[in-house]
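Shown below, as structure tokens, is a lone chain in the form predicted alone; questions about how it binds or moves come after it.
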């Protein structure tokens, strides 16, 4: 059984991540905790709503109820990215060359690498943001679909329509597909080259966690009593194909998923606090953490794929040493 280093905090963990090899836990009360030669913390926001590490794993970008967007360094340093009045920053995203996006209400803002701030106003509220893996392109999840912008240019955005409320968004690592989570129990996807639709339904509850495999061949998702892992092995992705199901349990829903940084292995967190690892190739499973202490809300592997930072809805955070 792998060893677990616990950190008993008070409150909902919005994001567990690694910055410069140090595990960080961003809680809804606005305090960012880290295990760096002992337990340390920094008070960042008066109420935290969104947090996302950058691709280099050197900083954490956060958005709060105080209208601020902050850059948190691995040493606890805080730099303000933006402050937009008395608005709740409900979504953040990190992009290439230090670009940052954030949203409140119907507006998304993109802070470009040169420091310029671009405002993108939409007819309905912005629910999710994601940068494309290549180029300065951003996707916005909204009611009835998604919108793609090139914020550095003034061209017309691309509208991807699908009826319903879209709550989150992600690009595939090769940039060929866009997938949204929905208010209904489903995912929806588009093949960007030709706009083909990918209907990914059949979930018993809402999908709140997504994770791509390192080479983008698989997309793992929560929202069922197993991790539902969709195949993106061909140019048409999962169109007409069934997903693989890992870690099926009869009595607990999957609430968080995280793919290993190099291998096709998924860490699977459940509503009862249990964590399993499942391998896509043969569906082999290993128990990493026993049940208890609230639903797993966030997980992240370290760069070496040896440890997993995890947080729960009750503030029971920690590091699983898989090699231990």
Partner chain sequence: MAQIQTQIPVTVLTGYLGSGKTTLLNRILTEDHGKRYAVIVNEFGEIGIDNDLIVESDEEIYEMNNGCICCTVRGDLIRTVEGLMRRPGRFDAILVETTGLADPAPVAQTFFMDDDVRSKTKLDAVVALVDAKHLPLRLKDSKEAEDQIAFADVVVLNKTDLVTEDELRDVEAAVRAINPAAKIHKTERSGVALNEVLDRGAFDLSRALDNDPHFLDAHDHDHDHECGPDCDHDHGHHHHHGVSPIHDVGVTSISLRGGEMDPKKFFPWLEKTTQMDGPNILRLKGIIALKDDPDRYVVQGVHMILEGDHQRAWKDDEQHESRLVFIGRELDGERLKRTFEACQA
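Numbering follows the first chain given and starts at 1. Just so we're clear, the structure is a prediction, and the values are computed from it rather than from any experiment.
Keep in mind that the form predicted together with the partner chain is not shown, yet the notes after this line are about it.
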- Query: Are all three residues 29, 65 and 87 in contact with the partner chain in the predicted bound form, where contact means a non-hydrogen atom within 4.5 Å?
  - Reply: yes
- Item | residue 293, heavy atom within 4.5 angstroms of the partner chain in the predicted bound form | yes
- Query: in the predicted bound form, does residue 161 have a heavy atom within 4.5 Å of the partner chain?
  - Reply: no
- Query: Can you check whether residue 124 is within 4.5 Å of the partner chain in the predicted bound form, heavy atom basis?
  - Reply: yes
- Task: Determine whether any heavy atom of residue 165 comes within 4.5 Å of a heavy atom of the partner chain in the predicted bound form, and answer yes or no.
- Result: yes
- Item | Option touching the partner chain, based on a heavy atom within 4.5 Å in the predicted bound form, out of 234, 77, 80, 183 | 183
- Item | Listed residue (249, 106, 241, 196) with a non-hydrogen atom within 4.5 angstroms of the partner chain in the predicted bound form | 106
- Item | Partner-facing stretch of 151-159, 109-117, 173-181, 201-209, counted where any non-hydrogen atom is within 4.5 angstroms of the partner chain in the predicted bound form | 201-209
- Item | Within 4.5 Å of the partner chain in the predicted bound form: residues from 134-159 (heavy atom criterion) | 143
